[in-house]
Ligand code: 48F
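Just the one chain here, laid out as structure tokens, in the form predicted alone.
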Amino acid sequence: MTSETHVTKTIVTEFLEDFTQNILDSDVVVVGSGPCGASAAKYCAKKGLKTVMIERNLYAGGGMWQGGYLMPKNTVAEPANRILEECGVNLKDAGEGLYVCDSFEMVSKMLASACDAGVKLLNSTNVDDIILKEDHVEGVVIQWFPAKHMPSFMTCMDPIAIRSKVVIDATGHDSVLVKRLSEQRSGIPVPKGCGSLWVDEAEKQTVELTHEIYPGLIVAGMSATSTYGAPRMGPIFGGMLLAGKKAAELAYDRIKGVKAKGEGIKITRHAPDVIVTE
């Protein structure tokens, strides 16, 4: 017969082993598990990078769950449909290069695909800060998300740190890591928030604005859009999926460059041109 303590011991032992071997010191930390984050994490892991995805909510998936106006249907435009097809998502051709699917199928199959690729997930976890040494981001500082909601006199519990070669900010509208970095380094823009709705332009700029904004920190998807005040795209997810894939390629290139040369890749901190709606 299985005892209660054996169940507990198994959970604790397996988690701590996983944490120390696969999470504490990784290649890439992806903050946010929405369409951009899940895509970035999957493709990082597929490239052989030790990848951790962090989500502050109890569940992963971000905005993919609810579709538009709480109608559980998600849309993507070409060529992002290929990313979902790789995950086994059933898509219906809606015409004009647009595809639609059930939101819960998109979430579940994308997350399963990321898991199969080797991604490790920390849920109910808040990223409190970045590890910033000289001119390079070297990881993140984490805390249990429920602790953030304790009364103020109880919130003196210190967080812990995990290290990585690259961090990807896929936190969506909030641009959490870019905002924190902008408080400490000159030349980093203070996130403006997204501009008004413009689907075509927003889908394009979501991908174009995904870039390494500071050595070791890649801003991706809606986090990039929000950083520069570019238009929002509304309930369409293709640009975010493609931005995640691009972020994975950028992360791989940086890590490969570090391994080959023993030093960071020199980058420019200038984002592509942005069309801002005011």
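Keep in mind that this is a model prediction, so the values were computed, not measured. Residue numbers here begin at 1 and follow the sequence given.
One more form of this protein should be noted, the form predicted together with this ligand, which is absent from this view; the next part is about it.
Between the options 83, 127, 162, 207, the residue in contact with this ligand in the model of the complex by a heavy atom within 4.5 angstroms is 127. This chain appears without its partner; in the model of the complex, the one residue of 28, 213, 230, 222 with a heavy atom within 4.5 Å of this ligand is 222. Contact between residue 36 and this ligand in the model of the complex is found at the 4.5 Å heavy atom cutoff. Under a 4.5 angstroms non-hydrogen atom cutoff, this ligand in the model of the complex has residue 173 among its neighbouring residues. Residue contact with this ligand in the model of the complex: residue 237 places a heavy atom within 4.5 Å of it. When this ligand is considered in the model of the complex, residue 52 lies well away from it, no heavy atom lying within 4.5 Å.
Stretch-level contact check against this ligand in the model of the complex with heavy atoms at 4.5 Å: of 113 to 121, 181 to 189, 86 to 94, 165 to 173, the positive one is 165 to 173.
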